[in-house]
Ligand SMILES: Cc1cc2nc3c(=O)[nH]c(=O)nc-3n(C[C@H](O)[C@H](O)[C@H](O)COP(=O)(O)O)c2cc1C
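In the form predicted alone, a lone chain appears below as structure tokens.
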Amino acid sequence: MHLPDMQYPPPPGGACECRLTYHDGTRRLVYCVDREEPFPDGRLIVSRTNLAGIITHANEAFVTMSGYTIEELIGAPHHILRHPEMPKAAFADLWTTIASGKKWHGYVKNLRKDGLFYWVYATVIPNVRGGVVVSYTSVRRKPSRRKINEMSDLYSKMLSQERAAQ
């Protein structure tokens, strides 16, 4: 599914411009503001996707944190939230793990509709019916600041390696 380019974020402050290429070959212009939207204490973000990663369910916390409306999220690919500072290898590991029917855990930096970012600790679970994976459920919670700092450093190194290999 083709995603439209992001609208330029409103003031204050500038934003970096980046063209993302997704795993399906589609491209999208995004804007990133170097400002974090804090993950609220005591909340869980929950979403469900079909096997192609298209969002079929989003809870209120997901809608609020993403900055999108429920109408914009349902039917959109989950990679609508992909931040340019997330290495492709992290998502390759996620898809390989869940496609094999196993649970995946990891830290993800997400891009909001307004260009801000937020970090999550995600658990993605394959939903199995009659022995067949039919969809995926993702539950995200607030990560520790220590893990965010650790993963920021790791992802930065991974991105440098990915860019050097191109």
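Nothing here was measured: the structure is a model prediction, and the numbers come from that model. From 1 onward, residues are counted along the sequence shown.
Keep in mind that the form predicted together with the ligand is missing from the display, and what follows is about it.
- For the chain shown alone, V108 is a contact residue for the ligand in the predicted complex, at least one non-hydrogen atom being within 4.5 angstroms.
- Although the partner is absent from this view, L116 stays clear of the ligand in the predicted complex, with no non-hydrogen atom inside 4.5 angstroms.
- Contact check for Y155: no non-hydrogen atom falls within 4.5 Å of the ligand in the predicted complex.
- The ligand in the predicted complex comes within 4.5 Å of a heavy atom belonging to L94.
- Put simply, of A61, I98, V30, V33 only one has a heavy atom within 4.5 Å of the ligand in the predicted complex, and it is I98.
- Applying a 4.5 Å heavy atom cutoff to the ligand in the predicted complex picks out H78, H79, L81, R82, F91, L94, W95 from 69-95, in order along the sequence.
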